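Only one chain comes next, encoded as structure tokens, the form predicted on its own.
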Amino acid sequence: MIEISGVSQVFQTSGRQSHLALSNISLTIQDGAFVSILGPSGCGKSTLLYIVGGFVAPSQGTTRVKGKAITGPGPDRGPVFQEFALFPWKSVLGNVMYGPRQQGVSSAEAEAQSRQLIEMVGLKGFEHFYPKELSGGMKQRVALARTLAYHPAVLLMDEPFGALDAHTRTRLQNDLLNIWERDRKTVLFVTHSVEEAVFLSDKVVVMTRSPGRIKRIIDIDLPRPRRRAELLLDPHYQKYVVDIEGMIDDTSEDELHP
């Protein structure tokens, strides 16, 4: 589904210095896989997501979705970011309907699809509320439903639950997995949380400190559907979390490549 080949990214700082954010990233993500990217702050996780989204062009290398070169944003890739990015002047229903209407879907059909998605993310009854009337967790549910309304093949999620309290974050993780189990979209998910990455993912990509390189790719061999209460008692889950925490904390390999 996604092919990243030899991608490097150089930015110009405000002082006109060159900053290498990503160095020679190569990664293949299969159709329907849930892949999380972990690494220290500033290692280029979000930059890599923006490159796949087509929001940033790589300085070197190529990126493809379904074999086609990525030249810009497209409806085949749906971003869900931490900032929600909802239209404040539109209701929940209006926000979710926006994508289908832009794609030429009739108003009646767009409304029917959107109401179904709103119910799927647990917001039935809130269709006519506005973003300012919603909690952070509810706004993120709306953002997810709005993205799903485009019917993207790929979900690009940049720390979507990072600003939420622990209880809301746990609920939304469970909801996301339930939605993913139904549709099996390809998901590329950036997070700082090792537990979140292990709980959600088929694969976890661990990156080095800046400039970001791939340090290790770990296959998460845990049964699905996943139940948090069961996994917390599973020694395999615990070992994944401990091992990956150690990879992120271990700076020795990074220091060999300043």
Partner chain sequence: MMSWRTLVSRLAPLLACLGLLGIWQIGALILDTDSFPTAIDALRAVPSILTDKESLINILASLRRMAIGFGVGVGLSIPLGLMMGRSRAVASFFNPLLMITYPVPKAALMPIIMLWLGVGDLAKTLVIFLGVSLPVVFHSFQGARAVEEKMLWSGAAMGLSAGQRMLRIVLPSALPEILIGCRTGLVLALITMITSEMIARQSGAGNILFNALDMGQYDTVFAMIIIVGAMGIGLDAAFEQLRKRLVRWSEPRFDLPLSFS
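Numbering follows the first chain given and starts at 1. Just so you know, these numbers come straight off a predicted model, no measurement behind them.
Separately, the form predicted in complex with the partner chain exists; it is not shown, and the next lines address it.
- The partner chain is not shown here, and in the predicted bound form it never comes within 4.5 Å of any heavy atom of Ala112.
- In the predicted bound form, no heavy atom of Ile220 sits within 4.5 Å of the partner chain.
- Among residues of the shown chain, Glu133 is one whose heavy atoms approach the partner chain to within 4.5 Å in the predicted bound form.
- For the chain shown alone, Gly74 is a contact residue for the partner chain in the predicted bound form, at least one non-hydrogen atom being within 4.5 angstroms.
- Stretch-level contact check against the partner chain in the predicted bound form with heavy atoms at 4.5 Å: of 97-105, 117-125, 163-171, 180-188, the positive one is 97-105.
- For the candidate set Val65, Ile214, Ala33, Val56, a heavy atom within 4.5 Å of the partner chain in the predicted bound form is found for exactly one residue, namely Val56.
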